[in-house]
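Presented below, as structure tokens, is a lone chain in the form predicted on its own.
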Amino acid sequence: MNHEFSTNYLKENNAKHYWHPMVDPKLSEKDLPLIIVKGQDRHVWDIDDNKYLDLMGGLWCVNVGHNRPEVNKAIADQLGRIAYYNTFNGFSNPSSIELSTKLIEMLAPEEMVKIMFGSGGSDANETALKLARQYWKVMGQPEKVKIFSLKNGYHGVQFGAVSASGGIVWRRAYEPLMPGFYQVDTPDRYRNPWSDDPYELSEICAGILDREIQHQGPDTVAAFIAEPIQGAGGLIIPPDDYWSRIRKVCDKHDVLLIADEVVTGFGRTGEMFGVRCWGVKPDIMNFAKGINSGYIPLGATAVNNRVAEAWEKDHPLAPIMHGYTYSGHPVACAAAIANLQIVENENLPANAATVGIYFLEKLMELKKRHKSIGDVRGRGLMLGIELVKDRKTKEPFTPMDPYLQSIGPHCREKGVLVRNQGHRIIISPALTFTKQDVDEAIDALDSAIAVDK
């Protein structure tokens, strides 16, 4: 049956047949999702032609901005040649080869040498977890299978990825999860029971990982995975020496270090990659989102020479029996090549650093004016506001608190899209953001948060 897809038809049918991600379906039916129909750089328009400043960057990912003609042209040109062919044994395509070469060049400081492609961040992390276990089998240590991660970490929705994720809200409905996954404490400078001193906190949290690996038995532990800065788990920025301490713990116990750069990769933190904020070289790195700014689904997993050399051995388990139908998708890879050219040519990591500093300063001023703001934090264009009922006790607002629920709609009325993540407001705009955009965003946030007065 053919339908005239009018505005009213789309609104009426938005949640009628479609279960939206990460929400109770009843809420989608009650409060109809905003239908976005157009984008241009830092702005998007809804189906009623209302214009919004996009503080979400799509979902952490539209780093170069919406509707960039360079990326659009790369996609159209690739479609004009061939839309798809598989990259399984015996086949390849030019854009996947070119992108793999480009990524390895960009990752030279981290000494990465090999790439595998998937369709997103969950794929990338799933790939890393499987490669870590396979690595130790090929290396003749088949009992090294356990994966360690952080309690507030988020690594995706596939069973391996969600088993590594620490948040109960992502796990509870799907338990029991996979065996062999263990979480340790996050170095949360705002919410921890130990210390306000970041270096002491870093030492404590690294010590917890060290002791837990010893307790489990280092000969049973394959890898530790973490985000350089935790995103969905609360915008948690670790102390400056945390990652170097974790690298030492992993080296001490011969455990692979996996950096989940799905959010932090390609400039969001003010550095091209999140681990460069702390000068640490992981063994495996995972990417998505900013790799092609979300124009076409794509993820990637990179390994260093230490890991790659294992596959030079003759071993019955050496074949990589992993991959996706869309691994190395030619259109997605073509979009990524054009996207990364923009990131480098316009030096977007530097812009993220400069504008991010300005944004954080403005958020700190906002905190002084509003008693409901317990903390603000950020690095580059990856920022967060933590809302609390009481600053002294740090008691957070519950997710369904009317005050918390009012902030997003109020900002929309002011022409700004923000993301509530529990009692936190997450800010992750395009890396093309300007100081003028920051001023507009702060004005909307100021007005929305002022409801607490």
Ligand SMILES: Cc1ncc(COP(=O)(O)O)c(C=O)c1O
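Numbers for residues come from their place in the sequence shown, where the first is 1. None of the values given here were measured: they were computed from a predicted structure.
Beyond the structure shown, there is the form predicted in complex with the ligand, which is absent from this document and is the topic of what follows.
Inset, instruction - Sort through 130-138, 337-345, 181-189, 259-267 and report the only stretch with a non-hydrogen atom within 4.5 Å of the ligand in the model of the complex. - result: Stretch with heavy atoms near the partner: 259-267.
Inset, instruction - Work out which of 234, 120, 374, 349 lies within 4.5 Å of the ligand in the model of the complex, going by heavy atoms. - result: Exactly one listed residue reaches within 4.5 Å, namely 120.
Inset, instruction - Please check if residue 283 has a heavy atom lying within 4.5 Å of any heavy atom of the ligand in the model of the complex. - result: Contact with the ligand, no.
Inset, instruction - Mark residue 289 yes when one of its heavy atoms lies within 4.5 Å of a heavy atom of the ligand in the model of the complex, and no otherwise. - result: Output for residue 289 is yes: heavy atoms within 4.5 Å of the ligand.
Legend entry - Proximity of residue 154 to the ligand in the model of the complex, heavy atoms at 4.5 Å: Judged by the heavy-atom cut-off of 4.5 Å, residue 154 is in contact with the ligand in the model of the complex.
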